[in-house]
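Here we start with a single chain on its own, the form predicted on its own, put down as structure tokens.
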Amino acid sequence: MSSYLKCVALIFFAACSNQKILPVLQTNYDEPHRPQIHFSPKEAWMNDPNGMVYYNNTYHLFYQFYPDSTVWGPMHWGHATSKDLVYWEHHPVALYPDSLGYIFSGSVVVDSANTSRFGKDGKIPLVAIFTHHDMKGEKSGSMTFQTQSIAYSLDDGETWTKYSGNPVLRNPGIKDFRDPKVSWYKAGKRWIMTLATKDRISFYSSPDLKSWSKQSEFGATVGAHGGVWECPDLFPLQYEGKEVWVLLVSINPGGPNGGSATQYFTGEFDGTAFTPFATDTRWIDYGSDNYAGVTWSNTGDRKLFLGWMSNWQYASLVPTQKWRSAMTVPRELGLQKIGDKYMVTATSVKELDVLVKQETILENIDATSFDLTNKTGKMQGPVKLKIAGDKLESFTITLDNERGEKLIAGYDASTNNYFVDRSNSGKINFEKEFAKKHTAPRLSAKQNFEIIFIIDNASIEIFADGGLSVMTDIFFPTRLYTNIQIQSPEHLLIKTVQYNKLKGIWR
């Protein structure tokens, strides 16, 4: 349909402008495979979370969005907000493609000191820093088609004005030059940009978010390098009074179970360079479906993380109809020290507890063969399951339906691995590598255990040993799973089973 005809069709609702007018979508969020406790777009394509910032008691989530299709296309920034990280409100598209290119990933900061001079009449500006991707330049063979630009908002993120001086950081000749994550470095009184530059991370600094100077590089010879580095994030965490810096780096392909994944490093940062404590490869999530995750800015001592719950290996092929993909549940990041290594932990945020509508607690369960459904009733929506005991032995948790489709998760003592097996989980033929068993090492040396499973209509998230071992996998049964069984060949004794039925977030 031509732009003229679109305007005619919508004339009763709005006047035509230089921005796309999106149709109003009527949805009950009850389509097949629609997540009930995870953020997903009303319609169309979504990938990386972007620009996440907490401001005026509101969590902002921007995200890579193509409103015209359920496959990737010219990137916009979609926008949603939440007061509690649980219930989300959709907003109009925040940033549109323009003459400089598509709007790729980036971040948003609160410029409290008005270093950018965008603030007016006492209004504090929110400043978005993002990658402009010039598709024409890419197709022509140019190496400088990605540049960094900024925009600002004076109305709490509802509307944005692009800076007339864009781009603020030009490309020196690197094909992959993108995904700026910016934060304020208090000790140096300047902004730090963490930028993905092909096979490494480059650090830049700025006094005003407009002029940037390169400081250092990291990573060309360390970590996983099975694919291009993307979507970095740099931030400090505290461990028993010690400041430890964490650098997240997403990589595609090259994940531990194939396709996309996010690795991390711990170390020191002096405002100029990042120095790792160790260079072994570690993953923030070992499952196949947590990619491009970054943290919210301006959240004080809490570091809150969100990832794209999909994988570039099959993201455009998954069997959803009106929309494609969702986000993970928000997670709180922390540290544990194992030997001389600082390990990043991830646990679901406590705010999700408001969704509990019914709780069943069972004690001293012999898991040789235990049908949990007989005790709790059939699954009728999302659930949170927590099991704990004094000694971890091999076990499986099987989710299944009346069609014999099943998802199996658990722990294998012979390999000391947690796992998720989706080889018979339902719709699996849309991509040849989808139907596999994925594994994650158990990193804790303790005998006792606590494992949390968050299960939605089409996803499972596992948080084991205080968030040391995390797995996220999506699946697509033709009918919702209704039964849960626990089995163990080793006579596993579960001291406590906590089973919570959860309310959906769409209201």
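Since the structure is predicted, the reported quantities are computational estimates derived from the model, not experimental observations. Just count from 1 along the sequence shown to find any residue number.
There is another form of this protein, the form predicted together with a small molecule, and it is not shown here; the text below is about that form.
A heavy atom within 4.5 Å of the small molecule in the predicted complex is found for one listed residue only; from Ser105, Ser288, Thr194, Thr328, this is Ser105. Contact with the small molecule in the predicted complex, defined as a heavy atom within 4.5 Å, holds for exactly one of Leu306, Val420, Ala261, Met75, namely Met75. Stretch-level contact check against the small molecule in the predicted complex with heavy atoms at 4.5 Å: of 216-224, 230-238, 363-371, 376-384, the positive one is 230-238. A residue is said to contact a partner when one of its heavy atoms sits within 4.5 Å of a partner heavy atom; Ser469 fails this definition for the small molecule in the predicted complex, lying far away. Among residues of the shown chain, Arg178 is one whose heavy atoms approach the small molecule to within 4.5 Å in the predicted complex. In the predicted complex, the small molecule sits beyond 4.5 Å of every heavy atom of Phe145. Interface membership of Ser459, defined by any non-hydrogen atom within 4.5 Å of the small molecule in the predicted complex, is ruled out.
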